[in-house]
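This document contains two forms of one protein chain, each encoded as structure tokens and listed individually as structure 1 and structure 2.
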Structure 1
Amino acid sequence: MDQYPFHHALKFLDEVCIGCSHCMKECPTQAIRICEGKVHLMENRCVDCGMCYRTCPYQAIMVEQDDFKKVYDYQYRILLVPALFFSQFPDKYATRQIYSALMELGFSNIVEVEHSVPILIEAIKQYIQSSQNDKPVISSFCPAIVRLVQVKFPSLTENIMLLKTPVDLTAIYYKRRLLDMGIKEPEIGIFYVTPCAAKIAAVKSPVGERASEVNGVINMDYIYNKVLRILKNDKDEIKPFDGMKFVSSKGLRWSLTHGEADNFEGRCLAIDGIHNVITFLEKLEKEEISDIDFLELRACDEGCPSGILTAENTFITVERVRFRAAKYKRLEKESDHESKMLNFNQYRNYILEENQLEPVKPRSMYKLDDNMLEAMRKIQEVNEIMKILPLVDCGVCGAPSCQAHAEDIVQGKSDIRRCIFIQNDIKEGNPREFLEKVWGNKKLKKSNENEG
């Protein structure tokens, strides 16, 4: 089993959470329970997909980030920005102006994450060719998907592509460049603007690599607000940044759905939305679907443009990214265009050597016990309990389904008397006491007040 600590970037704010259970019903890995009126997260199941964050009506979930001041600890501050960040802003702001606004925040340089995409495409092509027996190759791009495969589809972990993502490669490249210029490692701070929680978790406890090259993570919504304020206040004065390097058009499209899959030969599918991915992987695990070469799987609809930390409407972002990519594609035909892009040639071999992940290990979330005989006993007990549960999956017990409740009971984490239907049958003790264990006493008090 994977020994890495499992870091989660999603934090539930106990003082705001009222235990409304919306998130519990939405979670694709059934990682959430309600206890004493608050969310209890089963950390081994959570894949940081952010579905809970999307659905929470009370903003009781926050995405942790590094203190922005940490940036100033370093003399050379490099900000890695996903291309889609520049498509968060109204069209009247030019990309180069957004670069300038980011520079005003105190960075030494702004580098778009996707500069490394062309070299990654080369590496993936080779990887697909060389992995004849482990088809389909499942992209490692979306960290929520990598974790989903680990916990829910353990037999498919071997299919995960053991190559790094554009942000890692661009970080490796840029750091090497600065080191070669004679800058000392402790002086270099590489920061990454993230569109989602999963990518934070991936930096803080990477799967398949020991430590990330990224020194800190900044949430996209946070920096969006800062940049938009600068743009709005100094619109006339803000000059286009002249140090901008052109990303490739393929790089620009990388984080959109089909951004990866369209680059490769053979049968390559792109699937977005975590529930769609789950349905597909269920079939793939049985080999009900086979003969596929490459799978681009993303937890978010339309890919990263609907990451939970983005600001603009998903479809507007997609439109703007496509427009920019089409424009860059035209520019790519000009003979001197290559000189306006970041030059990777010198570091090509170095990056390809560094571009290797360690095998991803399964961490099945379903196991009831390490000991098989004990697990067998627990399954039988779950089945017995299921015979008396109502099977309506109402969630009043604080678990997302009767099955989940039965499993919790067997694991000693819940009490069958939390089931309101069982309560009604046994009429033993005060049913409210058991409900309070789930929902706390605030909600019940409130209904009493209304009566009075």
Structure 2
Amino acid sequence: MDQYPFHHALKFLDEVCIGCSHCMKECPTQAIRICEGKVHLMENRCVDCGMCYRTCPYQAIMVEQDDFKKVYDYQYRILLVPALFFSQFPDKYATRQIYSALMELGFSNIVEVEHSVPILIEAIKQYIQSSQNDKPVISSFCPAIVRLVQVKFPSLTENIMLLKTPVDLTAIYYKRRLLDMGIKEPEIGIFYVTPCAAKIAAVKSPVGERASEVNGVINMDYIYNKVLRILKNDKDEIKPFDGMKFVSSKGLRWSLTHGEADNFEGRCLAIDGIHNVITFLEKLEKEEISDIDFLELRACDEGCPSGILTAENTFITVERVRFRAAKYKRLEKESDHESKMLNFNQYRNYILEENQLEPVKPRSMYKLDDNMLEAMRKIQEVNEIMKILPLVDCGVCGAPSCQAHAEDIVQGKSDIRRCIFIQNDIKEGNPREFLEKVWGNKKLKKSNENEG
């Protein structure tokens, strides 16, 4: 088991939740149960993909973020921004104007995280070539996917690429640069604008490293509204930011589907949407698919532009990012284009040394017991219970499937009498008391009133 705990950025609001079970049915890792009319999260299964957040009709789920005032605790405040953030805004606002609006919020500098992509591409190429026995190499870019592999496909953890993401490398670069300028580390604050909950979790409890260089996380929808307000109120007064550096066209496309895979030779596939990823990995685990060199896997459709914290329509965002990438690709043909970009080559060796991750360890959600013999006994018990259950996956028991209910029973977390079909065969006892444990007294009382 991984020695570092999972941090979860998704928080369920008991006072708002009515136990409708929409989130339970949508969760790809069956991490949610209904207990006493409220959601109960099985934290060892949750990968912070945000599917529950998307599907909740009552806004009973929130995404945590650091207090924005934390920014002002540092003398040098660096904001790392994904390129897709600038494509959230209407076309009438130029990228340089958005940079200026961000600077008005009190940051010392604004840096797009994809500046480090060119150096990362070279590192990944070497990694793929040296990983002949561990194919396919699975990208470590999407933290929800890394955690998904850990909990649902533990046998594939050895395939996860042990290289850091662009945000990590850009943070490493900028911190080293400031330290070399004589600035003391406690004075440096690096903040990251995130499009999703999984990236918050990755900063708070990174997989494969002890700590992130990022000091705080700012939700994209939060800072989007702040910037949009500045742009609307001071549109005529905002001057384009002169300190903006160009990002490579490959870097701009990195967060889109195929943004990674298209940079490498061999058989490289890009799959988006967490349910699509699960279906594919099931085939891969069963060895029904082979001869793949590299897998770019993203939990969100179309990649990061559909993160749960984005503000603009996914497809509009993708179009704008591609348009900007095409524009920058033309600029790359100019002889002086490198002078307009951040000079990562100055710290190339240092960045490559810091680029390595520790091996990613499995954290299987199917593990029933630490003792092998006891685990085997519980598996047999689950199989016996499954012979009794109706296998309709109705969710009335408060679990997403009959399989999940059987596992909960074996673990002492549920009772077989919670199954509505089993209750029809029970002559003794009060079936209502078991349903109350799942749905709460209020729901059943309302149901009885309707019947009356």
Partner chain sequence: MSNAITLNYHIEGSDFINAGNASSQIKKVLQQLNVDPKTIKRIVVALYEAEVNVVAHAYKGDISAEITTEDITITLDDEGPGIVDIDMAMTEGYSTASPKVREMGFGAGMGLPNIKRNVDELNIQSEVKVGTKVVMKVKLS
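Here, a residue number simply tells you its place in the sequence of structure 1, counted from 1. Rigid core (definition): largest C-alpha set, two forms, superposition within 1.5 Å. Note that the structure is predicted; figures quoted are calculated from it, not measured.
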property	result
Of structures 1 and 2, the one that is the form predicted on its own	2
Shift of residue 390 between structures 1 and 2 at or above 2 Å (CA, core fit)	yes
